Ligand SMILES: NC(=O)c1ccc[n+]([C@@H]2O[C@H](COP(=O)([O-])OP(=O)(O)OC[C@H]3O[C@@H](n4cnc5c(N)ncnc54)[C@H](OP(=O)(O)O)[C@@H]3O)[C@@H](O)[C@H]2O)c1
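To begin, one chain is listed below as structure tokens, in the form predicted alone.
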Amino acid sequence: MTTIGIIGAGHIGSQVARKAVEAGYDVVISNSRGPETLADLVAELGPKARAATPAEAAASGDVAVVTVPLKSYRDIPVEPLAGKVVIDTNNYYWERDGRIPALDEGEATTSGLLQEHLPQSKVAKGFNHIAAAQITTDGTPAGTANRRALATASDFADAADFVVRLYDDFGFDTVNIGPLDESWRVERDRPAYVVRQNAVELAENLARAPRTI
């Protein structure tokens, strides 16, 4: 079974871990404060999960989920993630992260910044435009009418394909935006951000997104 290394155990990271274990994945989860601080979460998750350092989670995972504040993306270990699919959940909150001119001016995307930091990895956007609590509550079986959809984007087809499979395992349809330089369409304050939408509605919201806010 695929092991998912999770770097960041906040709202999104812990919810992805819960749903991943439920779906049968093994999980290695980490945060910046040390594995011992995750004892309660790991006890809740059960035998398919363990806590580790970020470097250990990166090395142990067949696939990684990076879910740290954008201002900390340069702290993500590079070498252990080489050749791996890395799912980026980041959003740009300038109030927290400080101003990043390339994002303010529409010259970059949050996932593109992570891809630059991880040049040998295959970054894909995921889980950035759903409220964390809904990751474990809103999924429904494939074929369900009006099934909720989430978006992904990647410069690598196999990375996007993995996100499609993971979303489906979690109970969501997928709309593939395309390359990372189009992933701004699902970033903060755009029409597709943190609203419940099926695949048709999501595609429409992505199409009408403004480049800058």
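Source: prediction; values computed, not measured. In case it trips you up, residue 1 is the first one in the sequence shown, and so on.
One more form of this protein exists, namely the form predicted in complex with this ligand; it is left out here, but the text below deals with it.
- Listed residues 102, 82, 142, 131 were compared with this ligand in the predicted complex; 131 is the one with a heavy atom within 4.5 Å.
- Shown without its partner, this chain lists 45, 149, 164, 70 as candidates; in the predicted complex, only 70 has a non-hydrogen atom within 4.5 angstroms of this ligand.
- Just one listed stretch, out of 62-70, 179-187, 166-174, 153-161, contacts this ligand in the predicted complex at the 4.5 Å heavy atom level, and that stretch is 62-70.
- Within 4.5 Å of any heavy atom of this ligand in the predicted complex lies no heavy atom of residue 107.
- Though the partner is left out of this view, residue 24 does not reach within 4.5 Å of this ligand in the predicted complex, counting heavy atoms only.
- Within 4.5 Å of some heavy atom of this ligand in the predicted complex lies at least one heavy atom of residue 75.
- This ligand in the predicted complex comes within 4.5 Å of a heavy atom belonging to residue 89.
- Along 13-36, residues 13, 31, 32, 33 each place a heavy atom within 4.5 Å of this ligand in the predicted complex.
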